[in-house]
Each structure stands twice: as C-alpha cells, then as structure tokens.
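Presented below, as structure tokens, is a lone chain in the form predicted on its own.
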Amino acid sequence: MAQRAIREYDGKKMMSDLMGGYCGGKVAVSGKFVKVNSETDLKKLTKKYPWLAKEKLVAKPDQLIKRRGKSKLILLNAPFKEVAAWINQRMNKEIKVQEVKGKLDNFIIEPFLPHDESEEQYVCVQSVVGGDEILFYHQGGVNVGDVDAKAERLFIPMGEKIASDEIEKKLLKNVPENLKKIIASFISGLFGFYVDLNYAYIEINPFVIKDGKVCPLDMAAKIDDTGEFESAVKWGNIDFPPPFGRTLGKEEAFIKDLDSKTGASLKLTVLNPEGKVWTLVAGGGASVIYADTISDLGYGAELANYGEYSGNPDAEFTYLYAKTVLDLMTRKKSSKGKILIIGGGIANFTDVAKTFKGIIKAIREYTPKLKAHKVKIYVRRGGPNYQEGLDAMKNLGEEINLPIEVYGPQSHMTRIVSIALKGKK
C-alpha cells in the first residue's frame, strides 16, 4: 500500500459530493470550496462563483502544510477583495515553515463560518495493523493538544462495518445529547466513505454542526493509490502534490508527464542521487515492501529512489522509465559500486516479458556506464510470461558481460534484497 497525501480541496470536494450517500441521506456536508493556483485569474473568479462576492471568506495555502493556523497562514473572516490581495501577495513567495522552505502556489477559499470554539470537534480515521481505528474528541481546533492521549478510540477489524449506535455508545460520551445522532451518522458515513474510496487516513480538525450540516473546517487526508483501479472515478481529477518545500526534479517531472500519457502507473521519487541502492519495482505495494526491507537491513540512507511501474505499461513506456532511472544512477561513481534491484510480486495481468523488453533495451543502451559504475543487477519476478522475461534477463547478462542474477516466484519477493545487500543466498 502506498499512502499518498491529497490536497484539502480534493478531500472536501469528495466529501461534499459523496458523503450524503454514505450517511443514508441523514447528514449533508457543506460544500463550497474554490481552489486557486498560479493559473487562476482572481479577477474572474467571482463571476464563476458569485457567492465569493457575497460572503465573508477563509483563505489558506493548500499544499500539505501542517498547523497552518499556528504558522499564521490562514486569513479569516475577510471579503473577497482582501482575500485576493492576500493570495496575490503570497503566490509564488518562498516562506519558511518549521525549518522547511518552500513556495506558496496553491490555495483554497471557502466561506467563513461564525461559531464558538466550544462547538469545534475532532475526528480521525486511520489504518492500523489488522484493521482501522476511529479517534474522536469532543473538543477540536488549533489548541486540541495531544489527541492521541485524549481521544476516545474504536477499532474496526479489517472487512467489518460499524453501526451508528456503537459509535454513539463508545465515542460520543461527552457530546451533548442533541448532537449525538447526527455526529454518529456522520462518523459512520465517514468510515464507509474512507473504506470505499480507499483512504488510508482522514483527519478533520475541527468540524462543527450548523443547521443540520456537518462542516469540516480543516482536513488532512491520505489515499492508498493502489486502489486507483477501483476508486479513480469517485476520486475525480485529483493530483498527488509533493510535500511542502519539495519541488519535482527534471527527471521526476518527466516521469509524472509520462504517467499522464498512459493508463499504466509510472512513479518516481529521487531520495538520494548519490545512493548505492537503486530500484526498478513493479507495483505500488511492492515498492513499499522493497523500500521497507532495504531500510530494515540498514541501507535506508543508501536508498537512491522510490517508485513503481505497474498496470501493464508497454515496452516503450517501460524503456523510458528504466532509462531515466539508469541515467540518474550512472551520473556519479561510487568506489563500492552500485546495486540495481529489479523486483516485484507475482503479476496478475502485467506481461513480464513485455515490460522486461523495455528494461533490457535501456540496460543495453547504458551498458558501458553500468560497467564503469560497477553495477550489479538482481532480478526477481513472477506472473504472465515471467520465465520468458527472466530468461531474456539472464541471457542479456551473459551477452554483455554484466553481473545479472535472476530469481523467479519460487524465491520470496524480498529475498534478492538480502542477497544483494548482504550476499546471503
């Protein structure tokens, strides 16, 4: 599972569009949100969204910045003219938040909701070992403090559902009686929404109840991107922004653009361009497992990249992806040599031989550089036409005189990691 953070706007948009169905029509989630980026013409925005000119507003950056309120990055109770000026002053301006520097280039605008702090409440749904967990606290907001210590908790085993009356009984002990039913229905619906849309984490701090509507004032969320084949239609047109302060490198941007041109999935994050251990991993879940295993063996600081190719990309897309990784890998030499792990689980529908053709083409092209950098390659794969693919890899190693060790599904998926890093067969 690859947990990827999403923008507040995207999370709230999904909730306002879909939550009514998960709450059985009993709870409506307020749904006025506008996103602003460098391409937005603020002068024309009120024509598209007339309510912006009529209401007092809230504006804040929407790019995975934590504790925006405490960092004074929220404008409250302001007319649109003031909001537009506030955003214009900050757009593309570099700031420092908790020792992290970055540019502000995405914002969210929504109505200001007058309320008392005593009305603010906290809820979180998160993935834990064996299932999921709901945390609720009857007080929320910027001063909520240590919710891990304060919150009521409810564990839901994997594959099970939760009823509103159980939520009311176990989580809402300190909630006024007149609000228990609506909050229980909301949390029950939120859990159904979380599961069905393949979320891994949702934190709403705070939310308030106004006129029978649940109003999420601030929200952070992560999605399991391996659920894209199930939930992409419900997610809508979302992006997965990099953490605040981190801009995409040239190669990462190239792969992102490549990813947008195929129905397959191509992802790349450069962690340490001078690292010793590089990976070409098939599958989002497998990429997490390989990264964790490399770290567990004490080589986390040497892990150079993180990413995946999956969804049965054709040979050309796989070639371009592999070529990008090999180009990054062979820029700076290491006296100890380097390791390339080409791994993955047992594919369901990805044609292993076809994708390996692309990787083999890239390896052939970079053979002189791979030799100069003393690269050793370890391959493990299973799935459709895997034997043909593994044979081609083995023959390649013999043909170009490059050390390539090949393993099939009879070997555990991460076995090649210990073989490559510790020399243990």
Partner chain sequence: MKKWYDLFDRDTKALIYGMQIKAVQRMLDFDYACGRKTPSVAAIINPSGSNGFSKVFFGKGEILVPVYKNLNEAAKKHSDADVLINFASFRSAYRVTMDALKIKSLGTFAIIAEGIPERRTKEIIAEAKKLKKNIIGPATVGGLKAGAFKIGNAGGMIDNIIESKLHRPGSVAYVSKSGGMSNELNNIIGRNSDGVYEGVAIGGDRYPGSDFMDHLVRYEANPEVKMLVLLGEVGGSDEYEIVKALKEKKIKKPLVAWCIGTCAKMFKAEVQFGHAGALAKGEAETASAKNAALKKAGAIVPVSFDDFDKKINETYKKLVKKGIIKERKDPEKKPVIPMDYAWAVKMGLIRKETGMVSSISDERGEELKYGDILISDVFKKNLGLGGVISQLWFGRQMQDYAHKFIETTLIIVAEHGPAVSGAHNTIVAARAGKDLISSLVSGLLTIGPRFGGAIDGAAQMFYSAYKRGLTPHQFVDEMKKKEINIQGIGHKIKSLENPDMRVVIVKKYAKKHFKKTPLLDYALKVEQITTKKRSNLILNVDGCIGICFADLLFTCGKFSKEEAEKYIDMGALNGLFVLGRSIGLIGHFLDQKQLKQGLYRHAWDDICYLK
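Positions refer to the first chain, counted from 1. Owing to the predicted nature of the structure, the values given are computational and were not obtained by experimental measurement.
Absent from the display: the form predicted together with the partner chain. The rest refers to it.
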Under a 4.5 Å heavy atom criterion, is S260 part of the interface with the partner chain in the model of the complex? no
Considering only heavy atoms, tell me if A149 and the partner chain come within 4.5 Å of each other in the model of the complex. no
My question is simply whether G31 lines the interface with the partner chain in the model of the complex - judged by any non-hydrogen atom within 4.5 Å. no
Please run the contact check for Q410 against the partner chain in the model of the complex: heavy atoms, 4.5 angstroms, yes or no? yes
Picking from 210 to 218, 129 to 137, 78 to 86, 324 to 332, which part of the chain touches the partner chain in the model of the complex when contact means heavy atoms within 4.5 Å? 129 to 137
Just one of I95, L248, V195, V142 has a heavy atom within 4.5 angstroms of the partner chain in the model of the complex, so which one? V195
Answer key: of E274, D165, D239, E230, within 4.5 Å of the partner chain in the model of the complex (heavy atoms) is E230
Indicate whether the candidate residues Q3, T226 and T293 are all in contact with the partner chain in the model of the complex, with contact defined as any heavy atom within 4.5 Å. yes
Heavy atom contacts to the partner chain in the model of the complex at 4.5 Å, residues of 299 to 316 in sequence order: G300, A301, Y306, D314
